[in-house]
Structures are given as structure tokens and as C-alpha cells.
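The chain that follows stands alone, in the form predicted on its own, written as C-alpha cells.
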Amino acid sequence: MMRRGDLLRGAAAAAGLAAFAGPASAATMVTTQLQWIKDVQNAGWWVADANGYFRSEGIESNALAGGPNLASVEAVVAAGRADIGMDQFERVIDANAAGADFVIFAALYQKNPAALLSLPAHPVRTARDLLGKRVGVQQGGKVYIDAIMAVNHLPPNYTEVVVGATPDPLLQGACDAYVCFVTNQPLQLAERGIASVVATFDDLGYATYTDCLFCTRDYLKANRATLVHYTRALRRGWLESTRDPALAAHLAVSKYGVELGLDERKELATSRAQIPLLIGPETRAHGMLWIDKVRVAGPIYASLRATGRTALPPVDRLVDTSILSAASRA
């Protein structure tokens, strides 16, 4: 429910829009530090730029590639090298606990892309199915499997098997379930004609938003109107990417990630696979990138506490939905 304070902030943002927009206004540069490389998983930026959505909002978008060599999105934003960062909800929480003052104002993935991959002969569809199983996890992943067991009130009776980035240990019988991303390893198996069973962390009880957009509190206060314009354009880009996943894949391959030598067929498969992660009941009701404070305070904070994160901030201090609310208005 919108409070009086939200209405006042929305009115202030609307006033700022009138001053910001106009034919004589120069485009405002907004730099975003992405979490990953410039592939189709960042399609919303590519579609919003290519289709002129940013331009129509008076925004010039500068999206910086992330990837395995990027130590910390939060460090880039804190140092002022980017205005906005995109990262996991948990990492923003951890950065604030370490002294940063970031505000989350939107979320791309409504459903966690992290999942457990298993084979039909020994499927894992629920947390209870993990009891007695060997679970292949990458370094640092055990805490999330333990959290899944905890939120389901189950003992952590499983065997950890440390694995790499490919699902080969699952195929070789070294583990019964493998921690994956639904936009990655299941697609690899499907390409090889191998059937699999996928249960997302959300399906297993671990709730979170993923690929959250955040900025410093000072940037939000000083650039509220800019953030509204940016968010409105980005929402249009992401919505169009779900309507036309082939366009999103083509833009990633032919323009924005052209130097990466991406395979358009694989990018299209990823583009289609991420649609169920981007769209859910909240986005259908409120629009793309929505983030719900009630969900954060309830199941998401419960999941975070199960990982050992106990000193969680007040939700109203961590999450600001007024940008999304203002961006919903024409």
C-alpha cells in the first residue's frame, strides 16, 4: 500500500520530470555496472537502447560489462565509477552490513535462477528429496543448500560434492543433484538431447529477488527524476525482450556483445529461458522490475536469516519503490 510519504515523493518526482524533459534538454548519461558480460542476460538494456526508449526519456545509457574478472559491482558503484549497479540481493545486503549505504530500487528476476538440476531416474523436486543425496555445489554454495533445508525444517542430511561450472559430474554419477542456473546448464543438456529435472531455489523454498538494481542513497536523493526516466525506459526494454526474445538475442550477438562471438541460437534459448524469471504475479500487477517490500520482509528475509545473515536492515531503509511507482506513470 502506498503511504503518504510515497505520494509526496512521487509528487516531487513528477515535478522533477517536467524540468528534466523537454526538447532543449541534453541527454543525461547514466552508467550501469552490469554483473555479467554483454550477452542476452542483459537484454533489457540492449532493447531499450536500440529501440530509442532511453533516448525518448532523455537518457544516454552506458552499460559496463561485468563477468568473472569483476571483483565487486558494489565497489565500482561506491567508488563512483558507475551510477547504478546490478547484483544479487544478498551481496547488496552484505555490502551495507560492511558499511555501504546502497538502496535497491528495482529487481530484474522475480524468481531466483539458481536451481538444482537432476536426472529423471533420480529426480529432485522438493527439499525433502535432498535427504541422503549427494549434491554438487560450486565453492561457497553449501550455505544455500543448508538454508533450503532450514527453511523447510529439515536436517542438513546430504553430502556435499564440490564441482565446477559444467554438469558433467551429474552425468558421470558423481552427484545426484547439481546446483545450476536455469539459463545455463539445463540448456546445455537439452542441446545434447539429455532430459533433466529442474527445481529452482524458489521452488525449494529459498526466496529472493535476483539481479537487483541499486545505487547509493546520495545518488538517489540527487537524481530521483533521472532514475525515474531511466527505470521507465529500462522497463520498456525488458518487457519488449519478453515479447520478442529473438530481437533480444540478435541485438546481443550483432551489436552489444559482438566482440564476444556469441552463438545466436544459444542466446535465443537463454532469452526464452529467462522469461519465466522476469515475469510473475507482481510484474503482471505492477509492471516489469517490480519489488515488493512485503515479500522482502517475509519470505526473503526468512531465507536470508537461514544463511546466517541475522542483522538485516529495516526494509524501508533498504528498498525504495517510489522510483518504480513514478516510472509507472506516463
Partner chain sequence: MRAVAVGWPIVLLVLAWQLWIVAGNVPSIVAPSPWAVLVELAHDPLLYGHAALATIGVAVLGLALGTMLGVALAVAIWLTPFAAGAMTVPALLVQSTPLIATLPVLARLLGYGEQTVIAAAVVITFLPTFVLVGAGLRTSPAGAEGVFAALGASRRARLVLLALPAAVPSTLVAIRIAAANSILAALIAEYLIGQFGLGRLFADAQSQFLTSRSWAASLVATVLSVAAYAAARRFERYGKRFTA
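Residue numbers count along the first chain shown, from 1. From a predicted model like this one, the values you see are computed outputs, not experimental measurements.
Another form, the form predicted together with its partner chain, is not on view; read the next lines as being about it.
Which one of Ile145, Ala225, Ala114, Ala95 is close to its partner chain in the model of the complex, taking close to mean a heavy atom within 4.5 Å? Checking each option against its partner chain in the model of the complex, the one that comes within 4.5 Å is Ala95.
Contact assignment for its partner chain in the model of the complex, among Leu131, Ala190, Ala100, Leu260, heavy atom within 4.5 Å: Selected option: Ala100.
Its partner chain in the model of the complex reached by all of Ala75, Val161 and Ala174, non-hydrogen atom within 4.5 Å: Yes, because Ala75, Val161 and Ala174 each have a heavy atom that approaches its partner chain to within 4.5 Å in the model of the complex.
Taking its partner chain as it sits in the model of the complex, is Asn157 in contact with it (heavy atom to heavy atom, 4.5 Å or less)? Although its partner chain is absent here, Asn157 would stay clear of it in the model of the complex, with no heavy atoms inside 4.5 Å.
Is Pro169 close enough to touch its partner chain in the model of the complex, meaning at least one heavy atom pair within 4.5 Å? Result yes; Pro169 sits at the interface with its partner chain in the model of the complex.
Should Ala121 be counted as a contact of its partner chain in the model of the complex, where contact means heavy atoms within 4.5 Å? Flag for Ala121 set to no.
Within a 4.5 Å heavy atom cut-off, is His250 in contact with its partner chain in the model of the complex? Contact with its partner chain, no.
Out of 251 to 259, 193 to 201, 217 to 225, 137 to 145, where are the residues with a heavy atom within 4.5 Å of its partner chain in the model of the complex? Stretch 137 to 145 is the one.
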